[in-house]
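The chain that follows stands alone, in the form predicted alone, written as structure tokens.
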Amino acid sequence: MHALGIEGTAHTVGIGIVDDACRILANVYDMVKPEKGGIHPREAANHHAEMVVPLIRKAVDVAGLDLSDVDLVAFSQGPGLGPCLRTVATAARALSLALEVPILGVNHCVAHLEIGRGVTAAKDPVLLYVSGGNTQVIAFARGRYRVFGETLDIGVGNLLDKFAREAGLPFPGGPILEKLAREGRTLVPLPYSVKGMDVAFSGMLTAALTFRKQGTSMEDLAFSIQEVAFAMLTEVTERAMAHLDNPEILLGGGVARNKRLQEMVGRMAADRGAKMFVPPGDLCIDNGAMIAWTGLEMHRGGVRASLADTVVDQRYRTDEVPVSWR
């Protein structure tokens, strides 16, 4: 069975094709890169509308298939930016009707977890999900993926990108800050905001921008933001692992590619006698393959949907999804 997934929650539109053994046959994407400022939802949606058909054609070519070989169409139903979600949902509906194959809407956050389980040896991990719009600590319990902790304001990726943008760096800013952080030597006193199992980053952003205006070097600020933010995430992740007595931690989301975050979480896991798993980089960022795989898992678990069920949900929470396939 072959599933085609369409991702389009924010800045990236991606098409992935996978088979029922989680072999990634194609995973192509294109990202909006605004010349200045952040992502404008309507401009991003227009970009997705222009790119989705060429990317579908490219994915089919890369996979060595015909469109007639696709057995299931899945798309990112939420959470995300409304115009972007509606654009890819429309594309998915059109493709499903044209091919006369089932269609399923996929929760974007759950997809990050499922692709990690699909391509690594992780069986039942705690997931540290870190991206631009989301930051959550997730684990499976009683038929759903439960959120054990999350950001109270902005995602950690949003923290990195907003600081970079205000400092005059291009989008995406996270990878640039990671390089700058390697040259940092001084730990700037930034707010460490852990509240129970939740975290908050907006205070850190404000403080870092204030230090920047006072002349603190970008290298030291990048170093300090990473050290403090990632320590917060490592703390709440370890607490979830201890509470659940879980020996596996899986990283997911675009920020999971950050080597310093991997180092800190990996050290914590090793100290606990646990194992850390990280998918390949192109499966950490937003991508169509994770949507395709999760849609295939849902279909095998008995999930079915009509076109009326494909309305997008900008605030589609991780813990709202009945996980019938596990």
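Note that the structure is a prediction, hence the values are computed from the model and not measured. The first residue of the sequence shown is number 1, and the count goes up from there.
Below: the form predicted in complex with a small molecule, not depicted.
Undergrad: Considering 160, 127, 92, 115, which brings a non-hydrogen atom within 4.5 Å of the small molecule in the predicted bound form?
TA: It is 160 that has a heavy atom within 4.5 Å of the partner.
Undergrad: Identify, from the list 58, 299, 257, 275, the residue with a heavy atom within 4.5 Å of the small molecule in the predicted bound form.
TA: That would be 257.
Undergrad: Name the stretch, out of 145-153, 173-181, 238-246, 197-205, where some heavy atom lies within 4.5 Å of the small molecule in the predicted bound form.
TA: After filtering at 4.5 Å, what remains is 173-181.
Undergrad: Using a 4.5 Å heavy atom cut-off, are 132, 253 and 286 all in contact with the small molecule in the predicted bound form?
TA: Yes: 132, 253 and 286 each sit within 4.5 Å of the small molecule in the predicted bound form.
Undergrad: Residue 312 versus the small molecule, in the predicted bound form: is there a non-hydrogen atom within 4.5 Å?
TA: Outside the cut-off, so no.
Undergrad: Residue-level question: is residue 10 within 4.5 Å of the small molecule in the predicted bound form, judged on heavy atoms?
TA: Within the cut-off, so yes.
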